[in-house]
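First comes one chain, alone, set out as structure tokens in the form predicted on its own.
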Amino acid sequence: MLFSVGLSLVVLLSVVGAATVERVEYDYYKYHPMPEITDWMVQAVKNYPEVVTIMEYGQTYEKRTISLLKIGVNTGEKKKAIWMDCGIHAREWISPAFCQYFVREILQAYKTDPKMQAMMTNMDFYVTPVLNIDGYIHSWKDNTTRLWRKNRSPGPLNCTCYGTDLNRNFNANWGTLGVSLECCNNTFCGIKPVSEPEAQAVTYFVGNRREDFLCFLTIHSYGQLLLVPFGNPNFTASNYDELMKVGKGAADAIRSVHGKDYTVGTSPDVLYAFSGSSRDWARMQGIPLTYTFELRDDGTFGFELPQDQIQPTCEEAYSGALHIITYAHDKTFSGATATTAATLWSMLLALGVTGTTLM
């Protein structure tokens, strides 16, 4: 009898150990092809079913499903939200790596950090790990395609080239400057505003919820920049001073992690002028805090950032993103109200009450 109990205990410990290994084996400090990222999204739901769901909100040109992770406590009420997308440009592999890291960090923080618990109670996070799925997959094909930037839609009539630059395709002063109308060019802006299914997906999903979003973060590389609206120098955001103040605070947070300097400003001021970006479009929709993150590096490795820089890049960028998100949260929700709501919800969860049972 004792032998049987002991054997059962060994088997149970083995199963628990195997499950633990399975859960932690995903390597956040390497680049992952799309099938592995898709599996990771599914696993995130399995690991945190109480706060994570997958939402499908569009299709790419090659008919692949565009999905995001919705992360937040189901309170049964309409909530404010944070948007983050990665991988709009295929070759910027550090971008999807960051989205995955970001999701892991906020989910781990949710377990123990009252502030994150409050933010997940008051807001939902919508995170798209890879927006330009077709292009991303193409960039993994071989060494000749590694630096592919655009999506994979065919060019217009009589054009033999493929792809539109999705970050020139949004309806924000489309086609006016910093773009190309030549279909073979890397900055080809498409045949009309929002001609591309990937841009359409974001436009529809975010546009229909524009009043809910407090913050819109789109993650790129490289250059170590935090870009604020607008890409056209003839336009200035109505809250430009606020955007710069919060952006500089984020840059300070980034610098405090590994000493890297990120420059904050509009594209014309610190990079180059261009139109049709998702960031500018989001600000024009009334979303107050919209930023483009240009992650490491400064040009030494460019788009082919070595894997040994994934961890420090993600650590510092997380600190910067969290600064902006926390500001957006605290501006909308008073500290006392947010803390009280989080405490109340924690008590309800302890009693087994969910958003579903409340409804």
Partner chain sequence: MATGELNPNHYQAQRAAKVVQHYLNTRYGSPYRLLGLHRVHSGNAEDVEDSGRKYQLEISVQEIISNTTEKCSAEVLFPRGGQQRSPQVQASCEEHLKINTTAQEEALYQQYKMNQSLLSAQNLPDSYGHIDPDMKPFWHLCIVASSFIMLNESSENTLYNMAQVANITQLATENDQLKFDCHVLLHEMVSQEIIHWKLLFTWSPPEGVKVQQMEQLPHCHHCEKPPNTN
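Positions refer to the first chain, counted from 1. Predicted model, so just to flag it, every value in this text is computed and none were measured.
If you look for the form predicted together with the partner chain, you will not find it shown, but the lines that follow are about it.
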Between the partner chain and Thr187, Gly299 and Gln307, in the model of the complex, does every residue show a non-hydrogen atom at 4.5 Å or closer? yes
Heavy atoms within 4.5 Å of the partner chain in the model of the complex: does Trp83 have any? no
Might Tyr204 be said to contact the partner chain in the model of the complex, defining contact as any heavy atom within 4.5 Å? no
State yes or no: in the model of the complex, is some non-hydrogen atom of Thr160 no more than 4.5 angstroms from a non-hydrogen atom of the partner chain? yes
4.5 Å heavy atom contact, Thr263 and the partner chain in the model of the complex: yes
Checking Leu177, Ile191, Leu271, Val257 against the partner chain in the model of the complex, the residue with a non-hydrogen atom inside 4.5 angstroms turns out to be Leu271
With the partner chain left out of view, which of Asn143, Asn208, Thr112, Asn234 would have a heavy atom within 4.5 Å of it in the model of the complex? Asn143
Taking 4.5 angstroms as the heavy atom distance cut-off, pick the stretch from 192-200, 75-83, 271-279, 127-135 that is near the partner chain in the model of the complex. 271-279
Since the partner is left out here, which residues of 230-254 would have a heavy atom within 4.5 Å of the partner chain in the model of the complex? none
